[in-house]
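The same protein chain appears twice below, in two forms, each given on its own as C-alpha cells and labelled structure 1 and structure 2.
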Structure 1
Amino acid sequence: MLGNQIQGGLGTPGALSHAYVQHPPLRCDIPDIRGLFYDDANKFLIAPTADRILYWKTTLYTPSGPPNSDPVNEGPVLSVRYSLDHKAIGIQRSRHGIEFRNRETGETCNKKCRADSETILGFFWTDCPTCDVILVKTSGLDLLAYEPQSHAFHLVESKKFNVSWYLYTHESRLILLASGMQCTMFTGYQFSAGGIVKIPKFEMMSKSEANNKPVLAADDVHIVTVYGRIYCLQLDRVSMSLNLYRFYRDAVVQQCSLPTYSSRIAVSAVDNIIMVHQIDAKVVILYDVSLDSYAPVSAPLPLLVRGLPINSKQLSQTADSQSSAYGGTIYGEGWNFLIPDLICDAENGLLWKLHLDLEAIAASSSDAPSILEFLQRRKSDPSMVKTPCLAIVRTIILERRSVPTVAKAMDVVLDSYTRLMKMGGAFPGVRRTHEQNQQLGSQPNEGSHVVSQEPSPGTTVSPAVNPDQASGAVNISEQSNSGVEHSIDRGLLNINISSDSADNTSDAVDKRQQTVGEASRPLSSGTLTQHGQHAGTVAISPIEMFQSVFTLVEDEMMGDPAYLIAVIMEFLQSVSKAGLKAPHNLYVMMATLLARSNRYAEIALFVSNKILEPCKELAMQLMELGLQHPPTRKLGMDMLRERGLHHDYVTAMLQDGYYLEALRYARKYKVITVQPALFLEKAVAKNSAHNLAAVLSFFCEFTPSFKTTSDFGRYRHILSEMV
C-alpha cells in the first residue's frame, strides 16, 4: 500500500487504464540477430541471423518458447515473408532482388527487377486465385504465380503505374499504393480469395498552407480491420487530426475526423476496438465503430503493464515506474506496432500483446445498455464479458434505474444471445473454410515486414494477423483450394453481410451503412472475426439471467416487488421478442411476487393471456399460493388439467375434498396412481356411509386387485360400523 502511494505521488494519476500489455512479454533479444521482422500473414516474428532465419509463431504466444529456425543463404535481409502454406520463404535481399527458398528442398530462385528504372518496394504472398506473390515496385505491381514442383515463378500480370510507397495488410488483403507529389493519391487493390477488386482511385485530403505542402508518409496511414470491415486512418499533421475512411467495393468514404494529441500515432485493433496510440502523449484512445459512432469509448488513458514480477512490490503502477520495472519505456523509441495487436520493442527485444481491460471500461460508464452492447461485442476474453454483464444487469435493477433503461439493457443481452446462437449454429462452417483458405492456401505464399528501426524502402509496419489470436487455432486440416473456392466465392458476399450483421447490433446499422456509402457495398476484409466460437461463452441465456440476476436480486427487492415485477415483465417481453423461452421458474417467481403484493387479479389476467405460460411448476405454485386465495388455487388446478397432469390434478381435487369429482376424473383418464385409501379417507371424513359405499364399490370395479388389499377390508369394516 505504501509503495503504491509513493508511486502515486510521482505525478501520474493512479493506474487507471483501459488497455494493457501483459507481463511477461515474449523475449526475442537473441544475440547475433540482425533486426526483427514481422510476417503478418503468418503472424511470425522473424529474426534473421547470418545464416539462419529464426521465427516465433506469435499466435502460439508462449513467452518462453524457443524460436523455430530455417537455414538460409548469407546476405542482407530487407524483409522476410513465409508463404501461406509455409513451404517457401521469400527474402528481400536488396532493392532490386528477392530470393525465394523452398523450405523442403533448399532450392532457391531469385526474382530481380531492372536495376536502372525501378526498385522493389516490397512483396507479399496472397491467397488470390490467380497469383501467389505480389511484387510491389516503383513502377507498379507484378502478379506472380508460383509453381512448387519446379520452384519457379512466372508473371501473370503486370500493372503499371508510379508508386511512391505502399501499404498492405494481410488481414484486409488490401494494398494501398501512394503516388503524386504529396503522395496523397491512392490506388488500391484487394487480393482476396474471392478475386481481385480494384478500389477506385482516391485522394486523401490534407490541409495544407500555400507554401507548405507536406508529403504524406507511409507512417501516417494505417489500415485497420475491425468487424470484418476495412478502414484507413490517415494522420493529417497540419490540422492534427486523424481522418477515418471506410472502404467499399466501389468507393472510399471518409467517415469522420478524429482528434489527435500527438505528432506520432500508431494504430492497433484489439477485439474489434481501434486503439489509437498517441505516442508523444503516451496515452491510448479507444474507438468502437460497430454502430458507426466515432466517439471514443473512453477518455485517453495510459497503457498499463500488468502482471509485473512480485519482487517489484507494486501491483499497480504508473507508466514510469513500470517502464523501469521491465527495463524499457512505454511508447519508447523502439516500439513498433504490429498488426493487429502486437507491440515489438525492438530496443529491448520484447514482444507485447495488447489487451483491453473490459472491467475498467465497463466501470467507466453508467450507460448500462451501451456498455452491455459494447461488452457483448467483445470476443477475445469471454470470461471477462459474461460475469460483468450479469453484474451490470443486477446492479441497475438493485439501483432501481428506470424500467425502460433496464428493459433496454435486457434487450441488449438477449438480442446478443440470439444473434450469437444463430451465428454459432449457422455460419462457422463457411467461416472455417475461409480461414483455412487464407492460412493454408495451396499456393505457397510468403510475406514479411520489417520491424527493425530503419525501415526498408517502402516497407511498412503493417502486417496482418488473423484476428482470432485468443484461440490461436491454426487449422491444419488440408483442404484443396479449388474445392472450397466456389463456396468461398459465394460466401464472400454472404460473409460480408453476415459479419456485418453479426457485429452490428441492429439492422438499423446496416440500413445506415447503405445510405452512407452511396450504393456502396462494404468491402470485407476477407478475414473474418470469429463469432460462433465464443458464442456459448459470451452469450447470456434467459436461464442464466434468471439464475444470476433475478434469483440473486429477489431477496433485496422484497421491499418493492412492484418494481421487480415490472422488470420481469419487460424481461418476458424481451425474451418473447427474441423468440426465446423464459425459464418456468421465472413464472413461479412472478406469481409469488404478485401474490405477495396481493395482486391476485393480475395473476389471473396473466395466466389467462398466457403471459405466465402454463407449466407444471407454475401450476404447483399457484395451488400453493391459492391456499390463501381460492380462485388462484383454481387457476393452478385448471392448469394441471389443461396440461394433462392427471395424477396431480386428481390429488389436488382430493385435497380440496372433491373426492367424487376426483373419482370421476380418475375413471375417465385411467388415473391409477392415486391411492384408493386417500379417496376412502375423504369419504369417511365426510361421515357419509352412502359415499363411502360408493367409493368402495368403485374401486372394486376399477382396480380388480383392490379387494385383496388391506384397505378394502379396513374400510368395509368402517362402513359396516357406520351403517
Structure 2
Amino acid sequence: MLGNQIQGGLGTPGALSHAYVQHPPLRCDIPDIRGLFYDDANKFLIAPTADRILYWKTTLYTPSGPPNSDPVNEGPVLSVRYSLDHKAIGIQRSRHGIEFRNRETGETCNKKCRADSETILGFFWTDCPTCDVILVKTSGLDLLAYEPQSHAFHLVESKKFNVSWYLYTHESRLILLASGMQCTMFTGYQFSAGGIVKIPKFEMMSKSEANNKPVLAADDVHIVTVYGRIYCLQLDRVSMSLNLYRFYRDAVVQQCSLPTYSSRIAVSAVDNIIMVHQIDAKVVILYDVSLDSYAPVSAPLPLLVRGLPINSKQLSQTADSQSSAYGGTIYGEGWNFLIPDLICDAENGLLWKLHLDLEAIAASSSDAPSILEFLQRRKSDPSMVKTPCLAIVRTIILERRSVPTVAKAMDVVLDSYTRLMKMGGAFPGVRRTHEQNQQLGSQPNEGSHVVSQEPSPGTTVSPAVNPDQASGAVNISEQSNSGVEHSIDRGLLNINISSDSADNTSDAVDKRQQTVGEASRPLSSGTLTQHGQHAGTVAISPIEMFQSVFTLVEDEMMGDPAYLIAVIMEFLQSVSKAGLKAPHNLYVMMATLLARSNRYAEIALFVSNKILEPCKELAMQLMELGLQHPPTRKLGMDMLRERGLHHDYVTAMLQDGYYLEALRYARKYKVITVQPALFLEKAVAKNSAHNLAAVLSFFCEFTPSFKTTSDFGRYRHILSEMV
C-alpha cells in the first residue's frame, strides 16, 4: 500500500494552483481489506475485511485516527450502507441478495430477488415516512419498511420499469434511473422526509443526436447540488462539454453547456464551484453557475498537494516527477472522485479532501468587483473570504483606481451585508419563502419532456448552501456495474432554499419557470450543512469597512485627501442606498479630511443636507475643527443642541466663556450634571461680584444641597472679599 517514506514535492513555494488537497490525507491502508466503499448518507469511508466492517467518519477527518468496526459474516461484499440511525447495516452480497444486520443483536435477514429475471443494482436508506430502504433492481424499485424490533422488512410498494443503471445522492434525495437502448431516457424520484416526488421522464439526448453518439454510461452523468439547487451534469464526449440540467417539478430544463476541452474528466463540487478535472492534462477547470457567463472562473491549473515536506533537491524536479511525492500518482488510475469534494485513492488507501485556494483565485484577477462577488458567494471558510475581500478594497483604494470602480466594489460588499440583515442575521444566501416551501406540495406532471433553454444575459443561479455531496461505492479489487452513486450530507429535503443573492437575477429565473410551466417549482436539496453556522461571518459590515479599510488607508493617503473624500462619499451613498447606517467615526474622518483641505464650506453643506449624519462624535469633531474656523464650531454647537445633548452643549458654552447663557440653558433644560465649580470659576475669572452672586444664588435655588458643599462656603467667602 502506501510507502512510509514521504518525500517533498507538490507543495513547493511558487506552485500556482486554484485547487488543492491537504496533506496528510485520511489513511485507510489496512492489510487484508476487501475494498473501499463510501456511505454518503453517514459520511463513512468503509473497508470490509473477512469478518469485520471497518469505517472512518470522514466529517471528523482525523488522518491517523483508528477506524470503528462491526463484526459481520464472511462472504463477498459489493456495497455497504449503514442505516440513518446507525442501528443496522446493509451489505450487498451479490447481484441477487442483500444482507441486513442489526448492530445491537447481530441478527441478520436477507432480501433476495428473482435470479432468473432481475438483478439488484444497489440500495440506499431513506428518511421517507413511508419506507426506509429503496432496492434498485433492473426491473424497477422496491420500497421497503424496516421494523427494528423484529428486524424484518416488508414490501411497501414496487415500481416496475426497466433500469440499466442508476444515480443517487443523499443530499438531494434524488434517484435517476437510466433506460433505453442508449441509456438516455431517465425516470426520477425524490425520497425525502416530506414524501415521494416523481420527477417527469426526460431524455438527455434527442433522437436525432442519439444515433451519432455512444451509449450513455453512468460515469458520464453526475448529480451535484450547488447554491442549494439540484443539477444533473451529463458529459458529451463528442462535443467535449458538460450539459447542465436543472430539475423542476413539471419539467427538466437544459440550462447550459460547460466546455470541458477533454472527453476524459471527473467532476467535483467545492463551495458551490463545479470542478472539472481533466484527467489526461492533470488540470482543474472551475465553473461558477451563478455568473452571467458560463466561462471558466480561471485558467486551467494543476491540482496541488499541500503540506508535503520540501527539500532543495526536489525544487528543480518537474511536476510529473513530483506527482508521486506523497506515495501515489496525481490523477492516478486508483483515484475515484466522490462528489462533492472527496477523492479516494483506492490503490494506496487514502482519502483526500478538495479545497479552493481563494487567495490564489483572487490574485489571478484584476477585476475587483467581479472577484469580490465571487468571494462573497463562498461559504466554506469565512475567515479566508473576509480577509481577502477587505484586502482587495484596501488595495484598489491605495492604487487609486477609478472612483466608479471602487464604488462598484463597495456596493458588492454592502449588498452581501444587506441581504444578511434582511434575513435578520440568518444564513446569507438562504431565504425561505412561502412559495418555495410549497413547491413540493403539488402533484407533478408525469409527462416526458425536457425544455432546452439557452442562458440569457444576467441569468444566474443564486447561492444558498454549500452542500456536502459525495459519491458511491469504490472497490479496490472489483468495481460493480450496479450503478455509480453520488451522495451528500443528510438534511431537510422538502424545504427549498433559495439564495438571496439571486435578487439581481430573480426575473430571469421567474421567466425560466414560466417557460416550463406556471405550476413549475425548482427542486432543491435544502440541506443546511455545517457551514451554515459560520456563514454569517462572511458578510462585511460598514463598521468593519471603517475599521479594516478606511482607518488603515487614511495615513497612507495624507497627500491626496481629495481622492479619499470622493471614495468615502461613494461609500456613504452606497450605505444610504442599502438602508444601512454608517459608523459615526466615518463622519468624523470625512469632516477632518475636508478641513485638512480647507473645504469648510462643503462641511456646512454636507451637514445641512444630512450627508454627514448628526451625531455626538461629529459634533465634538466640528467644535474641535472650529477652533480654526468659528462657523464650523457653531455647526458643532448647533448639532449638540439639536441632538438634545444638553450636558455637552452647556460644557461647550462654558469653554467658550458664555457661562451666564449656559446657566439660563441649564435652568431651561434642567441640566444638573454640570459641576457648579465650573460656573463659579468663570464668574471669579470675570472679577464680577454681581455675576458671582447671581451664580451662587442660582445653584442655591437650583440645587438645594449645594449649600452643604465646600464649594458654597469657599465661593461665598470669595464673594464677601470682592464686595
Partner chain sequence: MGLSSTAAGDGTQLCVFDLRRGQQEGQELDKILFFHPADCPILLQLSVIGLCEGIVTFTSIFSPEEDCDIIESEKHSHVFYQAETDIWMVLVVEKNKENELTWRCSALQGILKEAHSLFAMFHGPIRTLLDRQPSAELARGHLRTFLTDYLSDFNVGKKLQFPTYRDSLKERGTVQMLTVSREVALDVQSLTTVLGSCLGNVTCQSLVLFEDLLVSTTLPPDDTLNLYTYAVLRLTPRALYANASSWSYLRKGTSVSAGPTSSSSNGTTAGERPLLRENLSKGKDGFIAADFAATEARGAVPLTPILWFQQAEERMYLCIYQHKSLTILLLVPASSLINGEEGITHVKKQMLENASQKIVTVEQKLTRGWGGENAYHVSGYRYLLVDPERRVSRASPPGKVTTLAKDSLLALNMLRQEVDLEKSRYRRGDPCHDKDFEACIRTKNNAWVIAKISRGRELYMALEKGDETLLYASTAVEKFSNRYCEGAFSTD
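Superpose the two forms; the largest set of C-alphas matching within 1.5 Å is the rigid core. Counting starts at 1 with the first residue of structure 1 and goes up one by one along its sequence. Every value quoted in this text rests on a predicted model; they were computed, and no experiment measured them.
Given that just one of these two is the form predicted on its own, which number is it?
-> Structure 2.
When the two forms are laid on each other by their rigid core, does Leu291 show a Cα shift of 2 Å or more between structure 1 and structure 2?
-> Yes, the C-alpha moves 2 Å or more.
If we fit on the core, is the Cα of Thr418 displaced 2 Å or more between structure 1 and structure 2?
-> Yes, shifts by 2 Å or more.
Rigid core fitted, is the C-alpha displacement of Ala578 between structure 1 and structure 2 2 Å or more?
-> Superposed on the core, Ala578 moves its C-alpha 2 Å or more between structure 1 and structure 2.
Provide the displacement, in Å, of the CA of His717 between structure 1 and structure 2, taking the core as the superposition reference.
-> Its C-alpha moves by 8.1 Å once the cores are overlaid.
So if we fit the rigid core, how much does the CA of Pro676 shift between structure 1 and structure 2, in Å?
-> After core superposition, the C-alpha of Pro676 moves 4.6 Å between structure 1 and structure 2.
Core superposed, what is the CA shift for Asp656 between structure 1 and structure 2, in angstrom?
-> Residue shift at the C-alpha: 2.6 Å.
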